[in-house]
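The data below hold one chain only, encoded as C-alpha cells and taken in the form predicted on its own.
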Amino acid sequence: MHPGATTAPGAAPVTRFAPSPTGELHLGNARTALFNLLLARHGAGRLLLRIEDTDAERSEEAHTAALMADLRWLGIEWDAGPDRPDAQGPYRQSERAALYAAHLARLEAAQRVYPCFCTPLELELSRRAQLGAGHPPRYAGTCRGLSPTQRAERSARGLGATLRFQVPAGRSIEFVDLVHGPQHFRSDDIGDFVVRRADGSAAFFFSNAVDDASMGVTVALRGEDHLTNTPRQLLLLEALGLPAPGYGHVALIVGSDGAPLSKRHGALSVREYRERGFLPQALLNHLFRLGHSGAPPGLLTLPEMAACFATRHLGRAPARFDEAQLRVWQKDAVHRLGADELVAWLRPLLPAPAAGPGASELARALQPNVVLPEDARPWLEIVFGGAPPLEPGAERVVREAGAVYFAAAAAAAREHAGDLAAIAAAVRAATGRQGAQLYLPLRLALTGRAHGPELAPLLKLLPPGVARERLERFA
C-alpha cells in the first residue's frame, strides 16, 4: 500500500523533529532529533522543527523555549521552525487550526468520520471488558451506527462529542519501515480512532499526519512506540489524498540493566546533563552510537556523524544507555577543549583568586584530571584553601623523608616560590634523593595526595607563601 519514503531518487530529504512542549527534552527525544538532523545533512536536505502544542492544557511556552535552547546547546540546528518561518509554516500546531478544520471538513463531507458521544468512563469500561475477555482493546464502534436523529438528540442534551475516523473493514495496510523492514497490519484490528477532541482541537493522529504532508516531509524518524500509529496515519492520508512520508521507527533507549530508562539509571533530561557539566559533544557522541552502528572510532563532530549516518545502520534491539560510557566520551571531549573553553566550563566553580589572569593556567593544570567540573572542586580547595590533610599511607612517606628534606625544601620555597625545579634541586643537594623518592614527599606535603595534576603548574598557582608554610609543617 505504502512502500516507504516518498523521496525521489537523488532528491534531498526533508525530515522533522516534532516534540510536544509538555516537559523537558529527554534523552530519547534528543536522539530522535539528532538522527533526523543527521539524515537531513547526509542527503543535503532540510530539518524542520514543529511544535505539537494542540494539547493546550499540558503545553507550555516555557517548555518550548527550554526545548529549543537544549537543542541549540547540543548543536542541533533546524532549517525552518517557529523562529524561522517559511511557506510551509507556521510551525506551531496551535496556529494551524484553520488547515486542520479544512481537512476535517473534507473527511466529514466524504462520510469518513462520525461524532462519538462515549464518555471516558464508558470507554474505560469497554476497554476492561475486552481485556477481561482476552481481546486487545479497541474502540467498539458504539457510536458508528447512530442515525442523524440519534446524533442530534445527543447533541441537544449537551453531550460533548469527539470525531472518530471510520476505519475501513477488510483492508491490509502495508509499508516498509526504514528500520524494521516490511510491516503488515489488518484494518480489522484497528479501532476507529479520534481525529478531533471534544474541545475541537485536532488529535495527534490527525495533526501529525496532515502536517507531515503539508510541510513536505519525506522521511520521519521517530520512536518505535509510534510504530502502531503508522497504519492509522496512512489510512488518514490515503483518505485525504495526501502523500505519506517514509517512516522509520527507532528502537527505544533502556538502562544498562535492560529496563526502561528511568531516574534510577541517572539523569533523564538534557538540562540535567548540561547542568552537571557534561559537554554537548560528549552527549551527542554517546546518543549517536545508541542504536546506530558503523561509526568510526573516536570523538566525532556533527558533520562527521552525518557523513556516516545511514538508516540501514539503525538497530532494531533496544539501545542500552550507560553513563559510564558517556563519561568516556566526556573525558575525551574535555581533553580537547581549548583554554578559553576550559575556563568557561569551570568558571562557575572558580573562586575569586582563581578567576583572574591565572585562570587559564589553572584550568590547563586540572584538565587531565577532571571529567566533570565537580572533579575540580577538591583541587581548587587544595590550591586555594588551607593546608590539605595527608591521605592514608602518606604520613609514613613524609616521615621517612625527614626534617632535613623539608627544611631544605622550605628554604628553597622561601627564595624561589613556585619554582619546582629549584626546590627539587635544593632537596636533591641536601639529601641525595632522586626520582620518586625526591618528588613524592613534595607532592604529598603540598597537596596531601600522591596522584593528581602535574605538580609544577599547581605549585605556581599557590598563593604567595603557601608552599613554604606547607613544607615547614614537616621540617
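Please read these numbers as outputs of a predicted model, since none were measured by experiment. Numbering starts at 1 and runs along the sequence shown.
Separately, the form predicted in complex with ligand GLU exists; it is not shown, and the next lines address it.
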The listed residue (Phe309, Tyr100, Phe204, Phe193) that reaches within 4.5 Å of ligand GLU in the predicted bound form by any heavy atom is Phe204
Exactly one residue in Thr162, Gln281, Asn208, Gln367 has a non-hydrogen atom within 4.5 Å of ligand GLU in the predicted bound form; which is it?
Asn208
Looking at 251-259, 271-279, 285-293, 219-227, which lies within 4.5 angstroms of ligand GLU in the predicted bound form, counting heavy atoms?
219-227
Give a yes or no for Leu459: in the predicted bound form, does one of its heavy atoms lie within 4.5 Å of a heavy atom belonging to ligand GLU?
no
Evaluate Glu52 for contact with ligand GLU in the predicted bound form, applying a 4.5 angstroms cut-off between non-hydrogen atoms, and reply yes or no.
yes
Indicate whether ligand GLU has at least one heavy atom within 4.5 Å of a heavy atom of Pro19 in the predicted bound form.
yes
